[in-house]
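So here's one chain in two forms, each on its own in structure tokens, numbered structure 1 and structure 2.
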Structure 1
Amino acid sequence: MPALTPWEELVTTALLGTDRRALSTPGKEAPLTLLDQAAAQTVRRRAGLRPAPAAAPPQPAADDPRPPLPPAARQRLATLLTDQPGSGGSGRRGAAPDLMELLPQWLSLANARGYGAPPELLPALLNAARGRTDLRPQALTFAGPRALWLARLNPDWKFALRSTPGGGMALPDPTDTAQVQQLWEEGLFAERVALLTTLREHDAQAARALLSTTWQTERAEDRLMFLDTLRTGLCEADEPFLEEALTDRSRNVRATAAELLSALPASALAARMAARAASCVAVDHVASTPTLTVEAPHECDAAMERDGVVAKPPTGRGERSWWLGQLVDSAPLNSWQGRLGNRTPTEIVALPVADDWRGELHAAWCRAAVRQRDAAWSRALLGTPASPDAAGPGAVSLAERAKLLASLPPRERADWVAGFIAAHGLSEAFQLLGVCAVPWAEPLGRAVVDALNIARDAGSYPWSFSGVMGLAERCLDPAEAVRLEALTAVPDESENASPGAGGYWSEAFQRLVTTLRLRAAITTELTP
């Protein structure tokens, strides 16, 4: 066999062309000879390739000690994960339940029962969590350590590492001082945040002391993230550190330190804010009816800025009202009763406010009640659910009422929203329903069903209530399915009813009943 032309020479000939650089066979046969020799060289090069050393196999996944799912629950999970939303190709949902919307509750219940995920369903579970960020916390808790093992092998699932403190890395025991100190000094930023968070949950004082060792040398953005970990277990012992942070070079760090200090009613900052706010609000006893008078600050001095007051207001907002709102929402709520004639929160909120300051003052008190989780002030600002301005646009908006409701005990919260629905209907209740505990308490569930029944009898289409209907599918007590059965029939349409509305309502109630029964079955399947 004749010797083959070296590969490099073949490449050079191909680039220059056989007319300018001929091989052993000149003329018209030269291109064919070039291709023949290139093919032979290719086979030779591939045949002579020595295999590279095999990569080390991955370490086995950590064991999951949790008990496996019961067979029926495993089959249910497989069904929920294979349901594809929108596969019907139509915007109309019909009577079929949306199985993917049941997955969050399924995961929550499975985690509460302490079950581990079936290994064969982990890929589908991770794919579902990849597409829905709201699923990730519950899905990754249920998936356990094997999900992190898979995430290191598949770039599509890297979110699992980002969503896990320390990227799934093993953290030292909080009591191992040497290992904790070493990781704090040498670890990556995500590992250090995870370490500080874990240590804060175990020993708040030790976490704060660890942070103090490197605080002055940290970058501003890192100081902000580290400072945020102090929200866990925040206490009076954190005050000296936070007071020092009020002089930080970073405005965001100063603002966060001020926010944390304002959540400590006994802190020096809270006392300073209370004194400033009290100088702006007083009771006018000269008027025929005791009235609150407001004198907003005329300037934002350096001391106010140090305590977290932002000097420049947003576009369209007046400076003085902006400063007033920040002072009032940072002042401890328990300081107002003594300063305003020993009145209760309900009596204070009921006082008229002069010169149209009521909206600004009440909105600031709302923010304070939410931040300080003060149930008494929340009740006072909420008022009675049947009051004319409970649906807005009074001094307290629906969004603010929803936040205030979160400060009340679950049953009281449900009773208030039930009263609101009975008085004002469902059209304004969506935000309020979202903060109620699941499953809804019996009075709230009854109020929602009664309101839906009234809307059906009015002859309108159910699409205006699709948001509430979706919440009902996820939040109604499954025991309500029996009472709802009567609403699944197609009603007789009145003369003023929208065409076909009765049929659409029938489908909506059928879907609701089917979903409630599925939720009941899921609870039974996951019960040990």
Structure 2
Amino acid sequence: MPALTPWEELVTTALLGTDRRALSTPGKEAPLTLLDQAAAQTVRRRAGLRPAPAAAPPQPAADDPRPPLPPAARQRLATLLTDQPGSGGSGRRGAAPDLMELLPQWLSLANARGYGAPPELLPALLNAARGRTDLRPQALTFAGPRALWLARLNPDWKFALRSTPGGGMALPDPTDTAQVQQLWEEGLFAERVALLTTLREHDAQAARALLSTTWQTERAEDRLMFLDTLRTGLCEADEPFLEEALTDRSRNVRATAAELLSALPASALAARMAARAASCVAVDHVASTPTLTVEAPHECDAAMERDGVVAKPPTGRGERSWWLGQLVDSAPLNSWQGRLGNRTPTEIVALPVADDWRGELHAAWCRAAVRQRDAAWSRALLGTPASPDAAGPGAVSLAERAKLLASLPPRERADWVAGFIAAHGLSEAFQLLGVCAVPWAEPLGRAVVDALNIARDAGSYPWSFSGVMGLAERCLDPAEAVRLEALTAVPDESENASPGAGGYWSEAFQRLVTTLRLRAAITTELTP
């Protein structure tokens, strides 16, 4: 056993006590001698502190070539990140803006302008993205390579490595064929998906060619993931490859291939589906007014299954209507005009449908219009915004309407929703507002503000409209702030109003105006 150092001797003696263990140098009073010696040793030990040997320093983070933020924008970001959720006490929102809600917009603007993140704000940024998955893609793009470097050092930020294709590793330049080929052959699955995704964005043909080289030898679940990358830049040149995949061993791969082919109206599969669907729907000219008659398929044959039709319906649905739906939503919409007496989509949609098939048929057309991004059919199926069944649970649900709206040009979309709000108020409009371009076009913004104003005059509390209010804060054009100023005054309490509602409305409009001002400032600050 090695001899104890004088200091270790002292610590042992102190633990046991001087009554049990005598000091080697007896002095005045044993405990005081011990304390004297310990004091000298302690000061000596501290004064003699030496630095430790250096550990191997980390690999430096990759350079971020993006320009730094302008100072005002940097400050704004720091302020937005200070506003962590849950740090305030009260439930009521008051007149001050919700800064955290502006972060997504701030990030998308900063990314659009190509700025790099200030390093000292990366921890706060990563923590914000950790708590809010919806924020992650934008936040990680903005955070750049140094955030991934940080994430490798702190387990709390592991999500950043997962959310970034290839775990933030450097992918070869898409034009470097040799490097691309090597990573495709030797890379891990995640790296290969990342490579294929990047390549597909850069050169769709090359990506498909690369996939073809190893397609036969890939595992079924890998084939499915790889096939999914074809959604980006899908075009007619992909058809032979997809047609081949229709005979794949895996049912999921076959279904995905069929779905992709049906989104190509000129494909052979689309033509086959068109023929099948056409045989089910006809115009009955014998009736007093022309009427659509529907004869759903009687069987799902092997050829249909090969083209992706799922034979077994989900519980609660009839087989024949299930098959009909699949045929109609995979058939190219432009095939119907010739089939149904050269009518326009609007005229076709207006035709009465015999035997309660209307809902089934229109729902399938809606799915087709969404998949094929067909504006004319979307417009026809949406109908006029003011029509009474536009708000009700008619043939086309609000969720489907929202999807159909997405196929229309932004301005038309905004006008339709503005019309809808004018006719039906705000309570059903939330979903539809979500698909409108930001900032809202002027007529849409006015429709929303007018509707809020009407709701206020009706005497209800603003929090019944907090969803729309929140959207308005994020989506209204900042230029509207001037017009809204008048609404921030506390109105006289009317008889049928809920107690105190006027004050709360004034507060809500104040918050709206302040938020719009803030958004205008954010845009200015991020403009070089």
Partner chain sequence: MTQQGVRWTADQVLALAPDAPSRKAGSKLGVAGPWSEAGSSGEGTVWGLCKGSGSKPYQTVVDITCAGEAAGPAYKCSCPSRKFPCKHALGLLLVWAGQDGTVPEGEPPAWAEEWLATRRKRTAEKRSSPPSSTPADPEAAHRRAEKRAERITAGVTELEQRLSDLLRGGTAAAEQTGYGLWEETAARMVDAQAPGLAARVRELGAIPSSGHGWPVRLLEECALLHLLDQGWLHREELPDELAATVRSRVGLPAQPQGPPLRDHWLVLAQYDTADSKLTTRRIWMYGTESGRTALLLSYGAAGRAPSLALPVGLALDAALSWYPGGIRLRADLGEQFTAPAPTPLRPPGVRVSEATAHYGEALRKDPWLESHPVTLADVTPTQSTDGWQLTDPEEDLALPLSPSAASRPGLWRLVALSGGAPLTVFGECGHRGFTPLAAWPKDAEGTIPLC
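Here, residue number means position along structure 1's sequence, counting from 1. Definition used throughout: the rigid core is the maximal C-alpha set that superposes within 1.5 Å between two forms. Keep in mind it's a predicted model, so treat the numbers as computed, not measured.
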{"item": "Number assigned to the form predicted in complex with the partner chain in this pair", "value": "2"}
{"item": "C-alpha of A40 moved at least 2 Å between the two structures on rigid core", "value": "yes"}
{"item": "Cα displacement of A56 between the two structures, core-superposed (Å)", "value": "3.6"}
{"item": "Displacement in Å of the C-alpha of T13 between the two structures, rigid core kept as reference", "value": "22.9"}
